[in-house]
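Only one chain comes next, encoded as C-alpha cells, the form predicted alone.
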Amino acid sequence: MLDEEGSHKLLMGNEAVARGAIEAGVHVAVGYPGTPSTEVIETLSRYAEQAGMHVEWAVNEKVAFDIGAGVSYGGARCLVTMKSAGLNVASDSIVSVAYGDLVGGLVIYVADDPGLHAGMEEEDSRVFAALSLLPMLDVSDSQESKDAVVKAFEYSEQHSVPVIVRSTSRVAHGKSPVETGPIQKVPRKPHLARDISVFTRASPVWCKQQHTRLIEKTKALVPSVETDFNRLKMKKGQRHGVVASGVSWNYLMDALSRHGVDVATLKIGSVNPLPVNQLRELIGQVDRLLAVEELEPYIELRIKAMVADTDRKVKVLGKQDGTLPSVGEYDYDLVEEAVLKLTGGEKRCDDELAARQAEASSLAPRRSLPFCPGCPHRGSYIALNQAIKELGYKQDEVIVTGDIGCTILGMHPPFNSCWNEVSMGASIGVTIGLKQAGVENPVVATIGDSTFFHAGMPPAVNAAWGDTPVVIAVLDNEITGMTGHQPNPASGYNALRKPVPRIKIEEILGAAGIKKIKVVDPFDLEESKEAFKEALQHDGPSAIVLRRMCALVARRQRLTGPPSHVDGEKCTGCLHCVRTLSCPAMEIREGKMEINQNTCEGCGLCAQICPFQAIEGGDQ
C-alpha cells in the first residue's frame, strides 16, 4: 500500500481503491461495513498511522457521509465508502450537499452487487447519478479503481462537487495488476468560509441558484472525463458498434479477441457526465449498436434518446429487445452471445469445457444457510421458540420480524422464526406497525447489535413513545458479523483495533424510555427462555439483550469452551439435537449423533436440550 511510484502489484479492486486514497493524500476515510465495499476501510485501517490518515467506521452511511462533508468543509480530503443499499441511507445528505460547494475533495465509493453475492437488492447506483446530478465514474478493473479515486479527488476540488466512484462485486473482489502512482502530500489547514447562500438550503432562491451551478459543474467535466475514462476505437467503414461499461468491458474484450470480430467499441468509464461527443461520433457511423451493461438499461436508454435526435436509423440492441437480461450479473457467455447476435456470427462450442462445468456443478453440495458452530444466535432462537411453545402459542401465531445481518438466518429450518426482512433497523418499526394494524398476539423484533446502532435506535424510541407492546430482541454478538467482523460501538475497540469505551445497548434502550429490559446469555437456554416469556406477556414495550461474543471472534481470541462429546451408550439416536440445533459440528454415524471435535465451539447448547443427558462438556 505504501510502495513508491512505478511498482507493480496484484491487488483486489477494493485494495486498489485504498491505494488510490493514499496516493490522493486523503486525510480521513470513513464508511459503514457493507459487502462488497468493506475491504477499503479494512485495508486503510492497517496503514492509517503510516499514511497519516484518520480511518474509522461510522454507525451508518449517512453519519459517514455527514462526517465526510464536515471534513471537506474543514478543507481536507475525505473518502466515504458504502454498498449500494447504504447509498439509500446516505442519500438525504448527499443530495443536499451536492447543491452547495466544497472546500476539500469529497469522494463517495459505492459498490453494487449484481448477482446478489451479499444479498439485499440488485440496486443500480448509476441511477443515483441521474437523481443527484453528481459526477460518477464506473470502473472495470483494479487499475481503473485506483486511478478513478485519484482523479475523482482532483475533479471534486476543481469543480467543488462530490464525486462518486462506482464499482461492482466482481471488480471490487477480483484481482488484477496495478501500477502504483506517486503518493501526494496535501497539506491543509482547517478552514471554513461562512457563506450561508452556499452551505445552507434555507432559501428557495439560493437552492435554485445552487441547482443551476450543480448542472454547470457536471457539464464542465465533459472534456476531462472523455479523455480520462472513456475510450472510443473506431475505423472507417465499421457498421457494427458495442458500448460497454464495468466488468462487462473485460468480457467484451475476450469475446472480440476469441472471434476476431471487427467492430467499433466505446468503453464507458464516466456514467455522469456521459461521453456525449464520442457517443455521437459512434452513432453517426454504425448501423447496429449493442449496449452491454449490468442491471438497468441506463446507457442503452440514453443511446436511444441520442439516436432519436438524429436522422439515422440505428438498431440498438441490449436489454429492451431481450438480447441481454436486466437481472443478475453478466459473464463471458452472455456477452459472447450478444456480440454474435450483433454481428451474425456463430458460437464455438467447447464440449470438454461444458462437461467439466457440469461435473463441477453436480459435485457442489446443496445446503441451507446455517449459523456457524457455536453461534450465540442459535441459542437465542431456540429460547424464543421454547418460550412461544410454553406460553401456549403455535409458532405461526407469534410474528417475528427479522433484520439485516446474521440474525436473519433465523428464518431457516430448524428455527423457522423470522417472517420478514426489510432494511436496516426496520424490524422494530414493522412490529410497531403490526400492533397498530390490530395484531393482538405478541410480536417480536429481532435485530443485531451493529444494526441496532445503524438504524434501530429511532424505532426503539417510537416504541417507547407510543407505549407499543412489542418485544425488541437485540442479538448482541459484539461485532458486525455478516460483513466480516468489523467493530461497532458494542465491541470496545475501533477500526484501528484500539480500545475505546463499550456502548451498552441496554443503557440506550433505557434512555429511550423502555422500562422492561433484561440482559441474558443466549447459551443459558433456561434464563433466555424465561426472559422471552416475561417479555411476551408484558403489557408495553420490552427488550431483551442476548449478549455473547461471536463464535468466530471467540475462537480467534481462544475464548471458546472445551468441545462437547456424546456418550454413545446414553445416546438413543433420537436426533432431537440435530433437528433442533442444525449445528454444522454435528455428524450422524450409524444412526447416532457425534460431534466433530475440530469444529465444535463448546457452546453447550446440545447438552442442554438432549432429553437423555447423553452429551457432556462444553460451556455449561
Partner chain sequence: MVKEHNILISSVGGQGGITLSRVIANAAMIQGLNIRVGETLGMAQRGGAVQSHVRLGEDAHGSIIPSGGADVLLALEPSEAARVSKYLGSQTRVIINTAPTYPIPVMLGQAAYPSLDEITGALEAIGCEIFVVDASRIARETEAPRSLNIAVLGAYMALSEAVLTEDTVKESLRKTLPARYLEQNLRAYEGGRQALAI
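Numbering follows the first chain given and starts at 1. Owing to the predicted nature of the structure, the values given are computational and were not obtained by experimental measurement.
In what follows, reference is made to the form predicted together with the partner chain, a form of this protein that is not presented.
- Judged against the partner chain in the model of the complex with a 4.5 angstroms heavy atom cut-off, the residues Ala130, Glu157 and Arg302 are out of contact without exception.
- Think of it this way: in the model of the complex, the partner chain has a heavy atom of just one of Gln436, Thr212, Ser361, Thr227 within 4.5 Å, and the residue is Ser361.
- Here is the short version: of Asp331, Glu121, Asp521, Glu534, the single residue with a heavy atom within 4.5 Å of the partner chain in the model of the complex is Asp331.
- The partner chain in the model of the complex is not approached by Asp147, whose heavy atoms all lie more than 4.5 angstroms from it.
- Among residues of the shown chain, Tyr251 is one whose heavy atoms approach the partner chain to within 4.5 Å in the model of the complex.
- Contact annotation: Arg356 falls within 4.5 Å of the partner chain in the model of the complex, judged by heavy atom distances.
- Within this chain, Gly510 is remote from the site of the partner chain in the model of the complex, having no heavy atom within 4.5 Å.
- Figure note: of the listed segments 572-580, 66-74, 23-31, 46-54, the one touching the partner chain in the model of the complex, with heavy atoms no more than 4.5 Å away, is 572-580.
- Contacts with the partner chain in the model of the complex, taken as any heavy atom within 4.5 Å, map within 166-205 to Arg170, His173, Gly174, Lys175, Ser176, Pro177.
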